[in-house]
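Consider the single chain below, provided in structure tokens and representing the form predicted alone.
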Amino acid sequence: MTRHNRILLSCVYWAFVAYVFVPLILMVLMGFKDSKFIGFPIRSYTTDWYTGVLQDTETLTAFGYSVAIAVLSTVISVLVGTWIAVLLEGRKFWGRAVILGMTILPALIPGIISAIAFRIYARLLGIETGMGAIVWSHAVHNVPFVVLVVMARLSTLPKSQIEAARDLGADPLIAFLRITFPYLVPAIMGASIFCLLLSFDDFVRSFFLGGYEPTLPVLIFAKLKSGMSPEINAIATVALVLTAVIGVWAERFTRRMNKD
């Protein structure tokens, strides 16, 4: 690689870094502005907006509601996705490609179309809008990611280990619990954290299928209707920090398990 190409790649890289992180930095800074309006210059700073967010019952309720939905949808998507991945990986049977394609399809459909389809289908089934409908839609959307992650991990599992367990008298269930499942734990953990964050940040499906109690993204959207204020930046910053902490912890935990 020539010196000119290295300089060009470096410029592209730092331009991308600036494109991603500068808006986030500005969002955090605006959360400390001692004014009801967003904009420069920032003449004085305050932590009142963050203190208010941590004491606001509406925000804390929406946060807890979003966490509950994320946890429930993640549990469902991990159980279903892992089962489908074990069913499909390493097996050849009629209809396998169709099942895999239908499983991956929810991840390929645009969010707005998916949300409208879920809303129509929920109405046909008589499912009331609210927590149950949101959990259902999030779980369906998250299953493809679990399937892809777990299948990738399964493809590296030495078949000789399972064959040895079967030769020693283990039935398929015991072989799965003692050989396959421990091997899949890092992939399942990684997929779980990804689905958890994906569900927590999901706005479109939560908006279309939500009831009277809003999730955190829907609450932020509702507050935007009355104008942008440092309070919204403070809420978004707190959510960003928690998401980043969980993501970093998950990455280190998964790496440690892969080493073990």
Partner chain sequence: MTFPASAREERGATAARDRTFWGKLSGWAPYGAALRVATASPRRQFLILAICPVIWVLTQHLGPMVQMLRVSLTDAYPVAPGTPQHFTIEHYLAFFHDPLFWQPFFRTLSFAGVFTFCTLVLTYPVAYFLARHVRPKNRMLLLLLLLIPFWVGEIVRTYAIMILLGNTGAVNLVLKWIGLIDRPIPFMYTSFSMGVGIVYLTALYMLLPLYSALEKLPASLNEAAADLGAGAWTRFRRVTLPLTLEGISSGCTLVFLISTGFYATPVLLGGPSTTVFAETIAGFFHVAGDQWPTGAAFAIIMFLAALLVTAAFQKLMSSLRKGDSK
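Residue numbers count along the first chain shown, from 1. Given the structure is predicted, the values throughout are model-derived calculations rather than measurements.
Not on display, but discussed next: the form predicted in complex with its partner chain.
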According to a 4.5 angstroms non-hydrogen atom cut-off, is residue 67 in contact with its partner chain in the predicted complex?
no
Please check if residue 233 has a heavy atom lying within 4.5 Å of any heavy atom of its partner chain in the predicted complex.
yes
Should residue 103 be counted as a contact of its partner chain in the predicted complex, where contact means heavy atoms within 4.5 Å?
yes
Although its partner chain is absent from this view, report whether residue 153 comes within 4.5 Å of it in the predicted complex, heavy atoms only.
no
Contact at 97, 183 and 185 by its partner chain in the predicted complex, all three, heavy atom at most 4.5 Å:
no
Across 9 to 30, which residues bring a heavy atom to within 4.5 Å of its partner chain in the predicted complex?
9, 10, 12, 13, 14, 16, 17, 19, 20, 21, 22, 23, 24, 26, 27, 30
